[in-house]
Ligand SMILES: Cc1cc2nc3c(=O)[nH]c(=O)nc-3n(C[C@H](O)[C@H](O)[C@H](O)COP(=O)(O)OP(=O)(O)OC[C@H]3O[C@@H](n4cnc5c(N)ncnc54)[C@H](O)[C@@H]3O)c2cc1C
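Read the single chain below, which is given as structure tokens and is the form predicted on its own.
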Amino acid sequence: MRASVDRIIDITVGIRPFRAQGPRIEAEHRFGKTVVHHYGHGGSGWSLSWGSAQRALALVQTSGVRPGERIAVIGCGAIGLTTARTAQQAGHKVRLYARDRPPRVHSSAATGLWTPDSRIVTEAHASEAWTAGWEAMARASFKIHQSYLGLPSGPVEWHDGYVVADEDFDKPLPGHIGEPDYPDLAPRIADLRPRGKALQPGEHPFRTPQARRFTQLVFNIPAYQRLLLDDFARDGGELVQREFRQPRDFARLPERLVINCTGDGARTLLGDTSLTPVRGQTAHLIPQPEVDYALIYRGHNLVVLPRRDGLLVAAMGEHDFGNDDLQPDRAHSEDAVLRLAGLF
């Protein structure tokens, strides 16, 4: 990996909409309409999107909305786009309302690694019933993601990767500063990808003494978003630019049913204090097609992904949790790139 700060071509910042109880997927009657709330997926939006959309669709189907009747979806991020497509595939006409569209949505700033358990719920709220529901969503999403493999634009691809560490893997890492405890959900879906393998010195190209190989799904997000928008339009979907400032704005929509997929925007729109913003910043380096592996630098909080639109370098910050500042911090990204350069 050619890691140098002069190869940084972009720095993106997005907000993960974390909710301690897990995503809000529920319906209410308000302003003479049925409003299905569908937001609060933390760092798991792209990963859980399809399975979560199926759960939201189940609420639509029990609402009394007739087949073929137009419904409204608010929000054009990962959750909004997949919810709109899921509704279309079930036979509904869909009008999608959004203030911004890709790439000016928070979902565009995601790294693109399949992480269905990333900041999705706290340990205190992860009951057996909740965890079983999460597993069902993760498996349903995984299955649909596989249907996008092999397409010319490469929206979804499998990549091998390495976890490298300067210290023993058995040494526990400190938790995220200022964050709650999260449950270990990965064992529930361990069968969905190949097992990782510990590598001996000489079996990997890194100077660090510890390395493991893993295999994981990666989303080429620009291509994925473009494909979803194209498919949405092809199936008769309408995209309307509109900003919603208060819940009463729902009443002005002609549709009887509204699916609210506003993500972190629900904090302001609905005054939802259960949402906590979690800032994420990623540096985009000039693409390196010859780099076909992901990298996690354990202990240095670095994640590197080989995407078609660039080599993505993300580093967790000490003050990301509860932070909704969208201003890029170039020094933070340069430091991450230099740490990556030091590894090589």
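Remember, it's a predicted structure, so these values are computed and weren't measured experimentally. Note that residue numbering follows the sequence shown and begins at 1.
The same protein has a further form, the form predicted in complex with this ligand, not shown here; the description that follows concerns it.
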Triplet 297, 337 and 341 all within 4.5 Å of this ligand in the predicted bound form via a heavy atom
no
Where does this ligand sit in the predicted bound form: which of 101 to 109, 193 to 201, 180 to 188, 126 to 134, heavy atoms within 4.5 Å?
101 to 109
Checking 121, 79, 259, 87 against this ligand in the predicted bound form, the residue with a non-hydrogen atom inside 4.5 angstroms turns out to be 79
Can you tell me whether residue 269 touches this ligand? I mean in the predicted bound form, with a 4.5 angstroms heavy atom cut-off.
yes
According to a 4.5 angstroms non-hydrogen atom cut-off, is residue 244 in contact with this ligand in the predicted bound form?
yes
Look up in the predicted bound form whether residue 22 has a non-hydrogen atom within 4.5 angstroms of this ligand, and give yes or no.
no
Using the partner position in the predicted bound form, report whether residue 165 sits within 4.5 Å of this ligand, counting heavy atoms only.
no
Within 112 to 137, the residues that have a heavy atom no more than 4.5 Å from this ligand in the predicted bound form
112, 113, 115
